[in-house]
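Okay, so here's just one chain, in structure tokens, the form predicted on its own.
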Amino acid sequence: MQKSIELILKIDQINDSSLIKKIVAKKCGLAIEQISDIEYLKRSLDCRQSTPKYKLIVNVYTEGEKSLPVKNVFPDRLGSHTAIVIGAGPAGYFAALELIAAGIKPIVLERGKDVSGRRKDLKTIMQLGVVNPDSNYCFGEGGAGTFSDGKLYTRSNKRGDIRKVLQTFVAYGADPDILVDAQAHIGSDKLPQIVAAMRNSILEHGGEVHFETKVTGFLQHENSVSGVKCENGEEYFGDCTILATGHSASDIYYMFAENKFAIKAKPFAVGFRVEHSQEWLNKLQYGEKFYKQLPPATYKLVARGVGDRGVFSFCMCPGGIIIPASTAENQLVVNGMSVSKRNSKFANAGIVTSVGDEDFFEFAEYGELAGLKLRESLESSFYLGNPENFQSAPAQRTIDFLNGKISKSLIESSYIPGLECVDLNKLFPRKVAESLRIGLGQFNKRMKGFVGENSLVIGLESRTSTPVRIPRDAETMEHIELKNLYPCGEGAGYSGGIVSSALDGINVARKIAEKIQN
């Protein structure tokens, strides 16, 4: 027999499995020996009352039944069909694994390096500000999430089986706690090993993975894609091609525009990273009595009454650092990340506002690339060109941004390349800056001290999502004009984050399998 129940536990009870079993038995009216297994389904921390509590949802098994782990099942041999997968991020790798399960050989092509090779380029951009345009925090094996936090929570419940994605990560080495935590997180210190294990599994089961292989065009017969051509002169052929290049692959959008393949400008969001002391946040969220006993605190904020734009927090990183996420010279982009322990003394989050047609007007001559041109313009404006570190970032104390003045000095920050005192209001379009000020003001009312002398805004946060969508048929998931081409994941405009991208990769692979098998 199996039954799901919800428990409310004190913070000192959550890790006591023997006590939890006693509580479960009492709530279910069972003797302890009648319980054959307890499967944790969801664990979340509720701080809305003066005393924090944990909510735990479990499956209770009796009569000898037990929860069974889900394992990937792959055929002994692959069939004769192949699919090219452009991009080794979550959409690409999960698509590749799903293709293998269907007996289809994936050929994964990644412009960047493997996770080991990426580390050297990340050190170079962090310490010297020198950007490798194909190997950085956005490009390379694992995609943007590998070295920028590894958060796994999503609201994409209708896209597919989220638990399957999490179980796959566990199968390749992730902590089983990600199956339970409401805000699951792997961490940038552990995710690279998991990604490498996925790659090895793809290779062991008959797939191919090629690094430093940048796709520059499609091989076509009329309106059907039969393969791809690469910058190194190589050509690869397949029955289908999955395009899973990530939100920063601007060259792909330019290639589509040059060849007059259908693309569509898409709203996105821009802003900055706000950084606080993690201890301040813990005290604010948990109170003086409990803040040392609980995990690093988080927040999620949305401003109201800011017109059609909206202002919201994005990718909150407790116990994290701010990193340089530029993908080209002469541009400045920042992001946030945390390692698995989340033990930095800083907390940061993106605070961003929506931009759309109204903001694209200045770049209207570029048609569907107008949003991309706006993003590029902003990233150039924030680039300071400091020769001591080319990724030095403009920053202000939050109170000075709100008041529109340059800070006389800046407090300590996690951002290693360095900060310079600049009025960020003057780098944003006027209406964007105005929306961000309104949002910060509202957030400060909800979280006293959010704006003040002891917090910073650091720009530019511009890679929240892609400014271009590559349109596909809702039913077949193929590009609306190019047959056998499957736009997928964040870069195509259909997901946002690791889990939703993985789900999109799985769904596209299943559509390909249906087509081939029929």
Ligand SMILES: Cc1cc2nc3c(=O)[nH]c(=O)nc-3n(C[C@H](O)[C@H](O)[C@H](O)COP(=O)(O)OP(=O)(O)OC[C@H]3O[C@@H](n4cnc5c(N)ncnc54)[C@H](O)[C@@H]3O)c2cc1C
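Heads up: residue numbers just count along the shown sequence, starting at 1. Only a predicted model underlies this, so the values are computations on that prediction, with no experimental measurement involved.
Beyond what is shown, the protein has a form predicted in complex with the ligand; the following relates to that form.
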query: In the predicted bound form, the one of 346, 428, 401, 147 near the ligand [non-hydrogen atom within 4.5 angstroms]; finding: 147
query: Listed residue that, although the ligand is not shown, lies within 4.5 Å of it in the predicted bound form (heavy atoms), from 352, 97, 131, 323; finding: 323
query: Any non-hydrogen atom of residue 139 within 4.5 angstroms of the ligand in the predicted bound form; finding: yes
query: Partner proximity in the predicted bound form: residue 90 to the ligand, non-hydrogen atom cutoff 4.5 Å; finding: yes
query: Exercise: residue 271 in contact with the ligand in the predicted bound form, heavy atom 4.5 Å; finding: no
query: Partner contact for residue 213 in the predicted bound form: the ligand, 4.5 angstroms, heavy atom; finding: yes
query: Among 72-80, 371-379, 240-248, 195-203, the region lying within 4.5 Å of the ligand in the predicted bound form by heavy atom distance; finding: 240-248
query: Within 299-322, the residues that have a heavy atom no more than 4.5 Å from the ligand in the predicted bound form; finding: 315
